[in-house]
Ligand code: ATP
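This document starts with one chain, in the form predicted on its own, laid out as structure tokens.
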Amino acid sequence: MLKQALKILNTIEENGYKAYIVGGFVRDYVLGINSLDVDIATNATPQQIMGIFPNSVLPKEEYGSITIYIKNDRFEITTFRREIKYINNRKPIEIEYIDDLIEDLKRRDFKMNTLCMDKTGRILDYFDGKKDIENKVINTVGNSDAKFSQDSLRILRAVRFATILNFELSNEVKSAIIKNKSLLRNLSYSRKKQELDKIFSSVNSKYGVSLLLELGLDQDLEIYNLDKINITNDIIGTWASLEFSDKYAQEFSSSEKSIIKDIKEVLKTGITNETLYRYGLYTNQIVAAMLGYDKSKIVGIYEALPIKSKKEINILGCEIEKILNKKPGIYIREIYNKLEEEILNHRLENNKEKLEEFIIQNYS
């Protein structure tokens, strides 16, 4: 992507404007991390960029930004700007286009994200971003208190970057986060969950959780037992171990909510033949990971189940009616439930003769 991004810079500059790769891509390049997220800053306006790249797209939510796609690669191009006024401690609602790269960089969150790359591949460092990367520390650009009060999402971004990169937060950053953490209550649950998912999914997740607890963010995030979190390879399992505000529910699909509910049920009873049968292998494997069980053994037990659904019970409802010489009724369901229980617990063989015999003995 770097080669293509440099081509875009050259194209913009050939049209008489300035352009630089900025932010996370350059930071990751310095760290030797492969990144697919390329942001470009320019003094060209969105309309001028659209004139250079006719197939570019104007996003609905990103004011002052243009997105272009080359093959399957995405590049976001944003005009140099100064953010004048924020709303709800989150979004800038008043901006001013400017012609100054350094002024544009001042609006960014962390020093390590101010690194730029010009069209030749040369890295520009105006705010000692490289120094922070070398020292593995996160500092804001300018006053930390102002940065977090402007945009509360930066609080979670700071923890997320520290987690994923295994960096420390500077003392100033920590103090400002603690001072402004109540603003997280105004942040959308969608954005909170997105950041938390990245923290919980990181190989360094334990460190991330320890930071959330150290900074006292759990209460303002409305997660009530974060100290009891059970990190699993499946993010649904991790969330299932937590007690959190109902307002997060809308951020889960109906299927995810159902799985979380099932996981909690299996955790209450433990993994048995019945839970494997009723809730399926996927849910039980998540629980196995949470409890530290060997998942391969759970697979073996599941595969050995005599039936995996009621449809596999080797007798039909009409055959039960005939055996008992009765008309259809609710008793059929009751008998099926009993057969299901007996077969699952290996007390009854799923053989038509044995099933008929059991029905005659117990229901005739």
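The numbering used is simple: start at 1 and walk along the sequence shown. What you see is a predicted model; the values in this text were computed from it and never measured.
One more form of this protein, predicted together with the ligand, exists but is not displayed; see below.
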The one option of 113, 180, 275, 170 with any heavy atom within 4.5 Å of the ligand in the predicted bound form is 113
Tell me, out of 132, 220, 262, 109, which residue has a non-hydrogen atom within 4.5 angstroms of the ligand in the predicted bound form. 109
Contact flag, residue 266 vs the ligand in the predicted bound form, heavy atom cut 4.5 Å: no
Does the ligand get within 4.5 angstroms of any non-hydrogen atom of residue 154 in the predicted bound form? yes
Should residue 160 be counted as a contact of the ligand in the predicted bound form, where contact means heavy atoms within 4.5 Å? yes
My question is simply whether residue 303 lines the interface with the ligand in the predicted bound form - judged by any non-hydrogen atom within 4.5 Å. no
Segment that reaches the ligand in the predicted bound form - one of 199-207, 225-233, 170-178, 145-153, heavy atoms within 4.5 Å: 145-153
Could you list the residues in 163-185 that come within 4.5 Å of the ligand in the predicted bound form, counting only heavy atoms and keeping sequence order? none
